[in-house]
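Here's a solo chain for you in structure tokens, the form predicted alone.
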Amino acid sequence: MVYLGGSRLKAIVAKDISYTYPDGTVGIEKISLQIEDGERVVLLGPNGSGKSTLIMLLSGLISPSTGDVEILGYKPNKKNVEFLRRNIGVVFQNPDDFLFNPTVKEELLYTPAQLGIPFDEAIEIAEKFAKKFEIEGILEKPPFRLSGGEKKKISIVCSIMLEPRILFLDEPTANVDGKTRRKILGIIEKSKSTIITATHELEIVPRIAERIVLLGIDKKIKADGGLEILENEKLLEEAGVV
């Protein structure tokens, strides 16, 4: 945990951000949010509430149509690309959007290579995480031949193996079997990163979050607080989560 002047360092600061897609679809509207270093935050909301769009904005993968985002004190731009790559990990909702190398092993080595990490060091890191997450047996397989759960696990390993300061997870437990689900939740629980998880699954929230940002179908924040939000059934109904 990093403290400055008696308070946590701001990992992410978003001020009045909105995003409209090229076809005119509103992604999110007028959201302001601060996330402190070391926080575990869940973006909770129904499908279509803008969770994935907000993940993309807060991670710097897309730029807001209006408003500003700062990540670890930096505004996302071409000058800060390498810094952000080293400090941010993103797991997409659909692993097929992320996995594109010929083999799982090459997937694990891709990001270290892009960041200039020596090959021997990258191999050592990849082997360590392959053993830790029990994927040694599929290292030579092409990602497109893996099950959905295996793909999800690989995408998470690729994102956490360099121990990013901030980890974004978009529906990490969606469409996986029980064993993979438990493994993914264990990964999140043990991580030392600042973690922002987008989900609509109420039952996993107490395990992975200390703070809930509740999004409604109108693409706006309906509530921002602790786990007590889960006990407010009326609020959850209004947001469309239950």
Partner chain sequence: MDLIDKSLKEATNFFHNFFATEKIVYRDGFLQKLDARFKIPGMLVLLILPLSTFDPLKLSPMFFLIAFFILSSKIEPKLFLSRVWLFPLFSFIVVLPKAFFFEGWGIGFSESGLIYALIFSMRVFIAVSILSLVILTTPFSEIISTLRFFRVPESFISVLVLTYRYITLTFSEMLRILLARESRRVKRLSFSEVWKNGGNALGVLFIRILERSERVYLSSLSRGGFRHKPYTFPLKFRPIEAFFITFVSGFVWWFIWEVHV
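As the structure is a prediction and not an experimental result, all values here were calculated from the model. Numbering follows the first chain given and starts at 1.
What follows is about the form predicted in complex with its partner chain, which we do not show.
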Using the partner position in the predicted bound form, report whether E150 sits within 4.5 Å of its partner chain, counting heavy atoms only.
no
Contact of P102 with its partner chain in the predicted bound form (heavy atom, 4.5 Å)
yes
With the cut-off set at 4.5 Å between non-hydrogen atoms, does E171 touch its partner chain in the predicted bound form?
no
Does its partner chain come within 4.5 Å of any heavy atom of Q114 in the predicted bound form?
yes
With its partner chain left out of view, which of E136, E163, E124, D96 would have a heavy atom within 4.5 Å of it in the predicted bound form?
D96
Out of K132, K79, K75, R145, which one falls within 4.5 Å of its partner chain in the predicted bound form, going by heavy atoms?
R145
Determine which one of 39-47, 209-217, 61-69, 175-183 lies within 4.5 Å of its partner chain in the predicted bound form, judging by heavy atom distances; exactly one does.
61-69
